[in-house]
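The data below hold one chain only, encoded as structure tokens and taken in the form predicted on its own.
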Amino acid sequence: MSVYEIDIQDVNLTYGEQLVLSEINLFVSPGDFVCFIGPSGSGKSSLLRLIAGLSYPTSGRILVNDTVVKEPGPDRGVVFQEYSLFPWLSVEDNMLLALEQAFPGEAKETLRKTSGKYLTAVGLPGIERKMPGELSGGMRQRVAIARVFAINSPVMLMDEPFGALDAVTRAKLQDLVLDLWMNQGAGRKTVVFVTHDVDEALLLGTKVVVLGLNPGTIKAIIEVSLPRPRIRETMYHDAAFVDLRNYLIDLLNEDIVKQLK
């Protein structure tokens, strides 16, 4: 599978008369794990939806692998905070629905094996017949992650996928996403990940893009050169991590102070 890049060119987005995103220019290199951070209202999720083809820029354009994004496509897998599972379908049927769309004509038994492989990879073997309502929030999110890896999209878009989870489950799923990303070949998938959490961005990302407010603009693009694997217990005491963390917090605080005035 080709490694995909994302090229965002002069993008503006308005809702009614409100300018939400202004002059967004960003190139995401093939295989990057790019984290968007910024205060609420800075347009992080809006920008992710534009890349996904779920909404459209007022002006400018977005290219994925040199093709202008005009609609959703199988080249871009999306994981939302809300799990996005159909409650009337079993776990396996949720998985198969996505796999059948991604691999039309593939034998159902092959797709079942793929489904089982990725459910096992996220630590959920043997739950195929369960309904989403029988699962905890963390388990449902694992299914959503298994699904997006199973369809094998070269681009993965993740909109605060762990935001509603407790700290322990959140840490486990962060490690899971990194493990799957690395095991499928770091650099083989391009990831855009929206978060409010500076520590999460530095744990996961190859780059951090900081968005500012009123309207949403790119304030900074920061390369994260911390070595991998990134172990929380040691990373938090690393001077380079502390410096990056403090710099990002200062950038975010500038907008928070403006909001309070």
Partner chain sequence: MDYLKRYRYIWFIIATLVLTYEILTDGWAILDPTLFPGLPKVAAALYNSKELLGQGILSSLGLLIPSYGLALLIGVLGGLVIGCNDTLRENLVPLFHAASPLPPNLYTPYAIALLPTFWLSSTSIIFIGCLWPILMSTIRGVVLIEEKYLDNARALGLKGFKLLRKVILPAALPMIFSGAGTSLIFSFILLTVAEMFGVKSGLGFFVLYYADFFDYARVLAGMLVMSALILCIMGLFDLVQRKMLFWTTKG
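Numbering follows the first chain given and starts at 1. Remember, predicted model here, so these are calculated numbers, not experimental data.
Note that the form predicted together with the partner chain isn't included here; everything after this is about it.
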| query | finding |
| --- | --- |
| The partner chain contact at residue 85 in the predicted complex, heavy atom, 4.5 Å | yes |
| Touches the partner chain in the predicted complex: residue 109 (any heavy atom, 4.5 Å) | no |
| 4.5 angstroms heavy atom contact with the partner chain in the predicted complex for residue 166 | no |
| In the predicted complex, residue 134 touching the partner chain (heavy atom, 4.5 Å) | yes |
| Location of the partner chain contact in the predicted complex, chosen stretch of 202-210, 223-231, 51-59, 26-34 [non-hydrogen atom, 4.5 Å] | 51-59 |
| Of 173, 98, 180, 139, the one that lies within 4.5 Å of the partner chain in the predicted complex (heavy atoms) | 98 |
| Residue (of 78, 119, 91, 145) lying close to the partner chain in the predicted complex, criterion heavy atoms within 4.5 Å | 78 |
